[in-house]
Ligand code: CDP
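Listed next as structure tokens is one chain, alone, in the form predicted alone.
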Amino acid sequence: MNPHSAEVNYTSQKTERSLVVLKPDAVLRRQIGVNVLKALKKLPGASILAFKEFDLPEELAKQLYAEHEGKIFYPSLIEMMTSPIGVIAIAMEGPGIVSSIRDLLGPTFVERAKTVKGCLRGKYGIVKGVNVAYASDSTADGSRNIDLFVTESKLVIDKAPAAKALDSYIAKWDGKFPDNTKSMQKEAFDVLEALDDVKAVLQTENRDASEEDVRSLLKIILDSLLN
């Protein structure tokens, strides 16, 4: 076997661009966000083109997730992404970067991601789509996403300041807070089981109730518990 074969394959890959957005769960959980950024930075040949912390406007979130409009989880997805916690947008460039990032993150749903050894969503995601990060799913999507964020959120493409901003963020928060993901995942799973039990009881009280109505009442109950 040629010891340089892997290098040849790597260098022959086409340079691509991808947008990664750290979701509010990775921003609030400081060490988790740092861990994800450190892993992204280590991808072979990766360059950081832009780095920005900001609150994601609703219209921009809707454009980012336009393909999911009309799906039952869409409203809660938009609500999560526009949380006042904020997000971090990172534009990246490198050979085969789109698939490299998606492989690093793993499957979208945390429960499935936990079956894939080493992927970030399995290691750090909490439950379902609360999975630390969004990433472009194709080269065309990567270019489109970056153009969208440049236009709508004034994301600035400038390698040197972007790399410095990412490194400064890591230096600011690395080691300052613990990584309690396993406890978070367990507690979230317990809550999910409890919600399923409540849902089942609700459905015995009105078997004609729609799935949307039951979910609406579950959300009302959760909001009441939090307030």
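Numbers follow the displayed sequence, beginning with 1. In this text, all values refer to a predicted model and were calculated from it rather than measured experimentally.
In what follows, reference is made to the form predicted together with this ligand, a form of this protein that is not presented.
* Is the gap between I146 and this ligand in the predicted bound form 4.5 Å or less for some heavy atom pair? -> Contact check for I146: no, nothing within 4.5 Å of this ligand in the predicted bound form.
* Decide whether Y65 counts as a contact residue for this ligand in the predicted bound form under a heavy atom distance cut-off of 4.5 Å. => Looking in the predicted bound form, residue contacts with this ligand include Y65, since a heavy atom lies within 4.5 Å.
* Close approach of K123 to this ligand in the predicted bound form, 4.5 Å, heavy atom -> K123: no contact with this ligand in the predicted bound form.
* Counting only non-hydrogen atoms and a 4.5 angstroms cut-off, does T108 reach this ligand in the predicted bound form? -> It does: once this ligand is placed as it appears in the predicted bound form, T108 has a heavy atom within 4.5 Å of it.
* Could you work out which of A89, V98, L77, L104 is the residue within 4.5 angstroms of this ligand in the predicted bound form, going by heavy atoms? => Contact with this ligand in the predicted bound form is made by L77 alone.
* Per-stretch contact check against this ligand in the predicted bound form, the hit in 90-98, 112-120, 149-157, 128-136 (non-hydrogen atom, 4.5 angstroms) -> The contacting stretch here is 128-136.
* Asked: Who in 18-53 is close to this ligand in the predicted bound form, meaning a heavy atom within 4.5 Å?
  -> Counting only heavy atoms within 4.5 Å of this ligand in the predicted bound form, the single contacting residue of 18-53 is K23.
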